[in-house]
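Next up is one chain by itself, shown in structure tokens, the form predicted alone.
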């Protein structure tokens, strides 16, 4: 291990931008508004914030501690902290999970680029709901159009990663994250001016606890857990680039606040517009690609708002994609001793080839079924419903039970320079509460609860 030659993040701002960027993704902007919409709005939001702090925060802190302690990639973390043990398999699982997630993430991210283009060319002008839907379906089933956008998106991601930690990840995160906030706040302000916007805000912020079901609570727990990028090697890898002087607790809280703020702002940008135009807030995953193009048409300067919105989605997708790609790239550079450009090209090529099957599963490969699902849905199901919760549980077990508590305390307290007041409570949550909650997510998404 040559820690002294390892390049890390240059500034605290750059580190927070990169870490927050890894957490802020399509899940916040595309998924959160419709999940909140289908689970009772304000009550769901409160439960979501509670779980983010009670479960997401401790698990994120554990990953940060492990990554920074080892100063290694996701595989190397366990090689250093648990040498000659079965935990190395978890290291390998993290690399596989991040790569598979990026393979289908690249597909959806390609769609955002297509919609930036459609918005720029005013393609939705004068179209009814059925026509907007048919545009989306025609795009998905096209033999190669979606594939070209996916390849383009992956090339963008690779170009940033090739620049390295400081000149690639940190530099572009510091550009994209502020831009993301500027765009989302502009969209929020615009939504507030619409007739009936207040109804959307009431829906988002006024808790209706009568509408909160056991399933809503589990959905909030799942959304909080998945939103923070825990359990897939990203935080282990990024934390290894953090300076030893950074306060990990403060860093974690800043990332969580940023991530939650983007989700809430996305709700404020989308739901008032949805209510203003009399659209059902429970319209599910199609809310972004099918419903919003109609909404933008009815706005003054609609083309500009549409372009801004889909650019926002692209930036959010890109900040997450670079964090996912860095997981296998860091592994190839540090474990297999490849040069960064070679490692980036190799990882990008493999992930793009796997991803092409996901992309084509809506068109030429739509007849291929895995357990009754198309390739994209099967890959999404495997990653989101099995690998991610499994990764989260294993992080809790490793940090809570296997790792020497003195090591964990030392990392959290910056070698005893900081006071950690609730360490015993933290360990209790990590050992008992968090893994049980994540296990419930696993059972729920597998359809084994209720």
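These figures come from a predicted structure and were not determined experimentally. Numbering follows the first chain given and starts at 1.
Form predicted in complex with a small molecule: not shown, discussed below.
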The small molecule: the contacting residue among 177, 101, 204, 132 in the model of the complex [heavy atom, 4.5 Å]: 101
Partner-contacting position among 77, 150, 323, 157 - heavy atom within 4.5 Å of the small molecule in the model of the complex: 323
Contact test in the model of the complex: residue 28 vs the small molecule, heavy atoms, 4.5 Å: yes
Contact test in the model of the complex: residue 23 vs the small molecule, heavy atoms, 4.5 Å: yes
Partner proximity in the model of the complex: residue 251 to the small molecule, non-hydrogen atom cutoff 4.5 Å: no
4.5 Å heavy atom contact, residue 105 and the small molecule in the model of the complex: yes
Stretch in contact, per heavy atom within 4.5 angstroms of the small molecule in the model of the complex, of 350-358, 289-297, 268-276, 323-331: 323-331
